[in-house]
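The structure tokens that follow cover one protein chain in two forms, given apart as structure 1 and structure 2.
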Structure 1
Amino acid sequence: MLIEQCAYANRLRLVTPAAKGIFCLCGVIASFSAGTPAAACGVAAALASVTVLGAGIPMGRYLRVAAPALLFLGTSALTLAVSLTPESLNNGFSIRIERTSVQAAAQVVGRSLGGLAALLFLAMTTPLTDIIGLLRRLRTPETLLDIMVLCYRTLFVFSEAVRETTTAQSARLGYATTRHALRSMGILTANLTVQVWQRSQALHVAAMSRNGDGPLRFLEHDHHHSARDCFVFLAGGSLIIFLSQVLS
């Protein structure tokens, strides 16, 4: 996972997650409050610059991570810009591109780019374990946090199992045709489903043998200068909100 690799190897890794959360929130507020598409695009550019230049995320990786969301944005924006007008009962619809529809689509594109840049800033600079720690401090229900912790700890085990099984199946021409691919994938998924029971049972036995029937807690990083970081990122975020208002 590209985002996970970036989150552990960037210049802002040791900054407290609260500060990065505040900055992301300011980015989202700036994107939503931007009055014009140009202002929202300016916010997106500022946030992307902080991520790429400030945190040292390679531009190629940044664009590869953003690509699927941009594909969704392109399709949906086109749908918004094109207007269907009913002609008559027999003639169906005529396709038109209205000025107002294009303006509305441009506004949505600008806002979405800003929001995406804010999300990518948080995701590509903060490991998920830090975000779970932040959610714990924000009083998220323990049951939900337990699911998150277990999900995060197990998903790499499953990913490895999928990789190894797919390699073995491919070596036996398991994905040679669509029919074979569907069958191979069905067997792979069934095998993973059984592993859900087996692995959860093993984890339960391991936890019970250590009297582990309470919330699952792990040691977190000590973030020095938390107050200073929060102040700096709040100031930076406020500047971006100010920029969005000035450009509007």
Structure 2
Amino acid sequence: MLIEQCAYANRLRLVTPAAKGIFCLCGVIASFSAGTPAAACGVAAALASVTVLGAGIPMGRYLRVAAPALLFLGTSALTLAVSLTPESLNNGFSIRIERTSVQAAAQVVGRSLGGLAALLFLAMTTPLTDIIGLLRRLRTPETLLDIMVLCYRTLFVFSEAVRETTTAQSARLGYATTRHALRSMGILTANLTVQVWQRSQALHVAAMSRNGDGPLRFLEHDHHHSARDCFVFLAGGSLIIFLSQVLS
């Protein structure tokens, strides 16, 4: 939900999604074409600056959205840099950190940070409805787009159910103590499982009753100055690619 809030409340909201998709693609290309970890980190910093300063995304929200991916990336980098080797004498293992492993981990981290920053730019500045419209114009299979629309709708249904159930439990002091909180969490999980299943079935029945055998359509926002926006973001993306090559 935090990503969607940022997508609807930023300075680049009215920019055509094609331009932002081009810029995101240029960012990914720049990240993976960077020859050194420093160059890849420089690309990531430039993309993050565009998202935070250019689009007006608060730094706190940006870090909150990126935190799970950064935690996973840090764990993966640790496993790449550190190796465990068996010792025949002591029947144990020894921890080894080699220079080549550290360099490989740094390269992976740098490129991953750049790719993450590029994708966060697109996700936090473009609502999912605009992204789906862009994918439809790119001839993405309709089945995949329908699954995306249904998952998008289910997220809001799931969030609303969580909020209502949590509010009701809090009003009855369901989280007053640790024991009550654990019990309330168990009830919440069981209740949500049943609700999501029932609402999914109801959505399926509603679609079948309307003879819904075609793609799910919705109104798209009319973006002005699309050609100008595409040119500006293409120029910016090309500049970032050039920056990655210069820093390498």
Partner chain sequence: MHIMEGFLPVTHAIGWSLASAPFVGYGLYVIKKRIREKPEQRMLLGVAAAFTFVLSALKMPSVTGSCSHPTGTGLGAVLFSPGAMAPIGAVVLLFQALLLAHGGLTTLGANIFSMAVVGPFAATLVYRLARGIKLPFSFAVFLAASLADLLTYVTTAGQLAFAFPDPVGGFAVSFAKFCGVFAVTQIPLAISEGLLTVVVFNALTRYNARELQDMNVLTGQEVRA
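For the two forms, the rigid core is made up of the largest set of C-alpha atoms that agree within 1.5 Å on superposition. Structure 1 provides the reference sequence; residues are numbered from 1 along it. These figures come from a predicted structure and were not determined experimentally.
- Note that the form predicted in complex with its partner chain is the one shown as structure 1, not structure 2.
- After superposing the rigid core, the C-alpha of T100 moves by less than 2 Å between the two structures.
- In this overlay on the rigid core, L138 has a C-alpha that sits less than 2 Å away from its partner position between the two structures.
- Superposition on the rigid core between the two structures places the CA atom of T129 less than 2 Å from its counterpart.
- For S170, the displacement of the CA atom between the two structures, after superposition on the rigid core, amounts to 6.7 Å.
- With both forms fitted on their core, the C-alpha atom of H180 sits 9.1 Å from where it sits in the other form; this compares the forms between the two structures.
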